[in-house]
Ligand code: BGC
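Have a look below at one chain only, the form predicted on its own, in structure tokens format.
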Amino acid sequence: MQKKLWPAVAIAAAVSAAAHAELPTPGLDFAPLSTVLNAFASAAAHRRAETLVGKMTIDEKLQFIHSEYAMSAVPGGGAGYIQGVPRLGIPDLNMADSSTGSGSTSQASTTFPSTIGLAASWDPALAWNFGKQIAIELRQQGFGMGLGGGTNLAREPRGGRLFEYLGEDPVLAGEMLAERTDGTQSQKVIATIKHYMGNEQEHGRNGGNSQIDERTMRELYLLPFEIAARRAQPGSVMCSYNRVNGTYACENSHILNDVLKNDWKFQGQVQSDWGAAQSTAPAINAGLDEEEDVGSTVYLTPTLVKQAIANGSVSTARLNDMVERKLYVMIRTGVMDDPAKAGPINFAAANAFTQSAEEQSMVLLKNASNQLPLAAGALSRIAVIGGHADAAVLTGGGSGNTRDPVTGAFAGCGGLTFGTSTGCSWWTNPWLKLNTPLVSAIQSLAPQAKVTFSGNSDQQSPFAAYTQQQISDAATLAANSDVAIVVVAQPAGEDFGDLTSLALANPTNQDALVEAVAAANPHTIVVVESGNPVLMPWKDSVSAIVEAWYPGEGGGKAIANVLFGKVNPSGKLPVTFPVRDQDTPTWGTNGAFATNPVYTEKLDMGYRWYDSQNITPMFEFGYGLSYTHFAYSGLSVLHLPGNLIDVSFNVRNDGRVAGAEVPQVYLGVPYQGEPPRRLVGWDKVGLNPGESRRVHMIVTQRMQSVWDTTNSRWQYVPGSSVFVGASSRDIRLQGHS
């Protein structure tokens, strides 16, 4: 699906309101007709919501600002439940986690690829369809609201929930989240974006104080939320557990009222993360509209809110606003008039989509001497080693996981260790059992070859360390094979803390396994299943490396299709892969996590950090190889009215097979404190061999601006350098605006 206004013009629509408030940017001139029509629909929804509020009793209003059930008792295995008002035609609203599929604890659900993998596709059309497909399943399970829109940036590359998020760049994350949100709400399912904000690590997330200066917040950590909130108008923004500059996010008037509701004109509701509310009147007056609880201390109960209204600390007008926001969202998204109803699910279609999405998300990191794609006819013996590749793929843990997957899971978590915690807690399926695991998928593509697996069996503990005998056996198998495929895994998840290191740790001797196999066979391919960057001390010893992320239940076939060239990989890294832990901006002196993190690196986060500090990463942001090659030429930088820049250039497939390239446009903004380069646009271009295309990207005035802390507004900065590249460091063309 070709997005005519994507990405730079779409970004203009996302931020145009802010630009118009302070700068003469004609961003609205590019807004599609649907934007105008949506404005009329929104006005009608507001009028209808206001009328309904006028008919509700105080008790009916109060049931709309607090989840009816504790999380463990929600019908259908959901996460939260708002009881409707039948006499007014207001239906109940059931909600579920949905990062990588429905998080229902009692209904079978499809497990989609991790969302960091989605970000690696750099494909907004895929993000839209991803949101749509998950929403279809949510509705068919009876859920009218999905909670999967995570977009905290990868400041801490060891973050336990990084697999749920969309990488380290705010524009990439914001664009992908906006599209996913649109896709979700196209199916009459309310979308939530989260965790707002400063929730970049698990350590100290329950009350830790994220200390971020205003400019850094605006240009980095608030920006993806702003793009998604303005562009896609999600029904809900979920505030996080942590404090932001000393005040809890769910009672922080600056980020909720000043920024979200006033600056961005957000019309939906603010809901708390589960158990994140810390007060009654302060939270309500700061902008919290709905509390979700975990069955412990709660603050927005009918009794407490009635008391606050009675003593004057909360106004009736504010209560009406909270309820009206909820009703407005239900009306605008279609949930009010067409509530979700349980029905049959086409799991086969969902599985096919998950396979396709994974195929577009994998990143080819190394391919020495064109080891890949494998030629099935030239192989007689194939070794597949490690990673439970004979039966399963790894998934992420916590609320971002599907807890009742269609294809099942292995019991037991022996050997799984996260810093101070051991075992799986509520992460019931770290290994997702596949109908077609990698070994079987490889055998089907190479039917004449003998495919042999070496590693832990189904009967063994899933995270049991490889013994020296197993490593020796694997090396022997590799030595007697034409090619050796080693699968390594890096588990991570919510509530287990952050990774202590980016080194492979579960089991800890996977590096030794790879090194032994690579020493035995020069044709060694490593497939990485992770939700975080991974250290690779064996990088120079192996012939090829594929990053598969947490691939979901279509992962076995998808990985095999990429390895054998049925699919040409087109993913690009949404996060930087460092050479060492010590190279990351959050490592400090000994790698200890700060409970109250101070964002001292300011704007130099992610690839900006490596550029500003002149540190060479192992694989940079935006990097990804292909089975073909793309040439860039003919850069033109033209000025348009309203300080817009038209960046155009040619991309040509000068290889032998069809493929897709992701040309990226970066700006070097000449202003103190700005990083050397920042991403402002990209496209995903599919080309046949020998085919060339002229790519145009419009860079808006806002994308050339910085946050002026003195005047609290965006300030346009002329004269930026323009960089066009295949990654943040593989710059092919340069010019000036």
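Computed from a predicted structure; not experimentally measured. All residue numbers refer to positions in the sequence shown, first residue = 1.
Quick note: we don't show the form predicted together with beta-D-glucopyranose, though the next part is all about it.
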Going by a heavy atom distance of 4.5 Å, is Leu177 a contact of beta-D-glucopyranose in the predicted complex?
no
Can you work out whether Leu147 and beta-D-glucopyranose are in contact in the predicted complex, taking contact to mean some heavy atom pair no more than 4.5 Å apart?
yes
Just to confirm, Arg231 within 4.5 Å of beta-D-glucopyranose in the predicted complex by heavy atoms?
no
Please determine whether Tyr241 contacts beta-D-glucopyranose in the predicted complex, using a 4.5 Å cut-off between heavy atoms.
yes
Contact stretch among 642 to 650, 266 to 274, 374 to 382, 442 to 450 - heavy atom within 4.5 Å of beta-D-glucopyranose in the predicted complex:
266 to 274
So which of Val665, Ala79, Ile82, Ala560 reaches within 4.5 angstroms of beta-D-glucopyranose in the predicted complex, heavy atom to heavy atom?
Ala79
Ok, Ala660, Val298, Met71, Ala512: which has a heavy atom sitting within 4.5 Å of beta-D-glucopyranose in the predicted complex?
Met71
Given a 4.5 Å distance limit between heavy atoms, list every residue of 204 to 219 close to beta-D-glucopyranose in the predicted complex, or none if there are none.
Arg205
